[in-house]
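The chain below stands alone, shown as structure tokens; this is the form predicted on its own.
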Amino acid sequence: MTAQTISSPALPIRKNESSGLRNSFRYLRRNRQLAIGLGILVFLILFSGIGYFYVDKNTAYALGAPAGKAPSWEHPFGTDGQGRELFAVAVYGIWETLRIGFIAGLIGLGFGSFLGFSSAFFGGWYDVIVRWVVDVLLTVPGLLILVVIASTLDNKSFTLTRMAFIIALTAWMGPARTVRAQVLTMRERPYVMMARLNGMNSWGIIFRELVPNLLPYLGASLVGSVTGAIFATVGLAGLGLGPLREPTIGVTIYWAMGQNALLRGMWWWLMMPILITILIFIMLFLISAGLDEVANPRVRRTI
């Protein structure tokens, strides 16, 4: 009897594991927003990843190609007024823009979530200080802070990775407030009280009870943080701040506006980065809306 009792629960677990992938595909068929958003993300990653092996990076910099060429078979996206191959700029610009966004978004969400979980769970003066700092900093426009910081740095030593860390300085405040609000409603729930009665310490409750229950919400928050970071990246580069030599989407927009691309009839110079920016934000919006359905039980669809 003992052996049967121990071995019997293993059967449904194997069945659930084998059907997990199938249920995921079935859910993506129902959640079309998430499926389309992830499809666009996969397309952008494949476009940039495959192009990385076939496109010469030197052509993405000034004087790497003939200047002012319209789109053609030889130059699919055309070239800009400084001799950059815009197809190569798209290949490397998409990768660098997404990289900066994910680095800044992950750092901002990680630090903000740590403050939100710890301050809401422990409370006291620590919670008061964190809440006061977040409320004060949220009243200051984040782009203004980034402009002040970026304008004080030397462009020669201002790399894309440093730009990601600078953007992360303002990416943690929103997650800190929202995660704190969620944890305040969760810390008094019965399963948290049972964990306390069983002798589990505070950090164990946070990482083993609270964090797993908020994973869908944290995933949606990560998409929001990445969206804000990409917006800040394009905004800073569009204002002429940051490494202006690197082939990023924001830098391309900056040079196109600074050299009057439309007045010179070089519409393709401005069209490429604008269309890619629109596609990235549509992708992030669809993923965010799809993850909101996963995180919000009220609108969640059954598999």
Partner chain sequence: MSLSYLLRRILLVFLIIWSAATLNFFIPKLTPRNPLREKLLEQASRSGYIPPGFNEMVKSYEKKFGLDQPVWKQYLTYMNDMAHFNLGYSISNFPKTVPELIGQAIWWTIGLLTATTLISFFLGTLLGALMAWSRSSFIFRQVVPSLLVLGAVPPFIVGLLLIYLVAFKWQLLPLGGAYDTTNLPTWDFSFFLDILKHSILPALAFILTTAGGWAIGMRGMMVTVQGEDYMTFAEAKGLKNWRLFYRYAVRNALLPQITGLAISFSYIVGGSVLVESVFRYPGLGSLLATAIRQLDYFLIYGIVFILIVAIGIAMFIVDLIYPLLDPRIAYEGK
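Since we're looking at a predicted model, the values are computed, not measured. Positions refer to the first chain, counted from 1.
The same protein has a further form, the form predicted together with the partner chain, not shown here; the description that follows concerns it.
In the predicted complex, the partner chain lies within 4.5 Å of some heavy atom of residue 151.
The partner chain in the predicted complex comes within 4.5 Å of no heavy atom belonging to residue 165. The partner chain in the predicted complex is approached by residue 253, whose closest heavy atom lies within 4.5 angstroms of it. The partner chain is not shown here, and in the predicted complex it never comes within 4.5 Å of any heavy atom of residue 193. Of the residues given (34, 55, 41, 271), 271 alone sits with a heavy atom within 4.5 Å of the partner chain in the predicted complex. Here is the short version: of 63, 70, 257, 50, the single residue with a heavy atom within 4.5 Å of the partner chain in the predicted complex is 257. Using a 4.5 Å heavy atom cutoff, none of 46, 59 and 104 lies near the partner chain in the predicted complex. The candidate stretches are 85-93, 138-146, 216-224, 193-201, and the one lying within 4.5 Å of the partner chain in the predicted complex by heavy atoms is 138-146.
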